[in-house]
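Below you will find one chain, with nothing else, as structure tokens; this is the form predicted alone, and questions on how it binds or moves follow later.
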């Protein structure tokens, strides 16, 4: 999960809050100290932490909860709302309103501009847009090859000129073709620092491109320095938003998110890993929901819907929620989940699951076994696949010999199948319980798990 340690610390504070019998000034201050420590460890600017703390303290001590809601439940609501406000409050994505919508990526060396260009192209292609990648980085020797390879991997059109040193000429060669596309993503050159030379080059290119979006790509591991970079690029290029990369586990990512929010520059996407699909729209409400263990079912369902037709997805969801699925259904589901990213990431999107403390090493082991399970399934009969309950010791021995998979691994597959049915019931109950709690404190924006 993104910002694992910060999430664990904040969930610990919420758990402590849930256990107290009475909420008084002493308890409020203790909870706030815990939140302060968590944010400071995540490299958030101390003055920002203090401002956030004071808002939480003032509301917790002065506001009276509505009738029927306890003070501690109301404080959970206050913590959630203030963290959302702290990280930008409202989502502001990139709107594709004209054809083409041109997105120009800017940033320093090492921020991951070219990689994010590929991720953005993949993101919009999966949503049905016709996308072009345009390489105008004439400084970094490997930039041309990298973006060309990414475009081939994703399956989008690529424009660039390997030996051309003038970025304007490269874009001008693309210009007559741009009307063919819904989205054009222009990858620009960087430098080690925001020099006058870079500013001059970007301004010339932007004047020619007249991009609808000018997105600054920032590395999450720069922490509080994100604020200085965001302000400097905004002043020189009039940026319209930010993508923060390398947020998968980095402690300093919290500082980058908070710093951008402080400048008034909206974070539009966050990079959550190294794979091409590891890019998420930044929604402060969903993000804080995940940090506090409330999950992010909306994003999970959105990602799943990219792989299934709506009707097929609804049918599969109903079967799983009722526990009416076979070994084939289970394997297809596991394969689909793998495409969404690590199981630990998916689990944390489900409301309540982050609080169950599921062993991450166990999840990693389960991922490695899926390929072996596939071989075992290939050696099963139609009857065994549809009715796993009939698989006894003699059948396991036969399947093991036919597939080359150890008998113990096949037993684990059958056990996983049975546990999955139990897990569906647990998730269903957990979601209802979580929804009831959220509704109680007025947080109704987390969607239902069940259709």
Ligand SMILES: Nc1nc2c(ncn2[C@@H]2O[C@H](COP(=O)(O)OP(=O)(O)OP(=O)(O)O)[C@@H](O)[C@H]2O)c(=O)[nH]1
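In this text the structure is predicted, and so the values were computed from the model without any measurement. Positions refer to the first chain, counted from 1.
Absent from the display: the form predicted in complex with this ligand. The rest refers to it.
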{"query": "Candidate spot 111, 245 and 272, all three touching this ligand in the model of the complex (heavy atom, 4.5 Å)", "finding": "yes"}
{"query": "Distance check, residue 119 to this ligand in the model of the complex, heavy atom within 4.5 Å", "finding": "yes"}
{"query": "This ligand contact at residue 206 in the model of the complex, heavy atom, 4.5 Å", "finding": "no"}
{"query": "This ligand contact in the model of the complex: residue 115, any heavy atom under 4.5 Å", "finding": "yes"}
{"query": "Partner proximity in the model of the complex: residue 266 to this ligand, non-hydrogen atom cutoff 4.5 Å", "finding": "no"}
{"query": "Heavy atom within 4.5 Å of this ligand in the model of the complex - residue from 190, 255, 100, 88", "finding": "190"}
{"query": "Sole residue of 240, 277, 326, 146 within 4.5 Å of this ligand in the model of the complex, by heavy atom", "finding": "146"}
{"query": "Segment assignment from 164-172, 126-134, 255-263, 103-111: heavy atom within 4.5 Å of this ligand in the model of the complex", "finding": "103-111"}
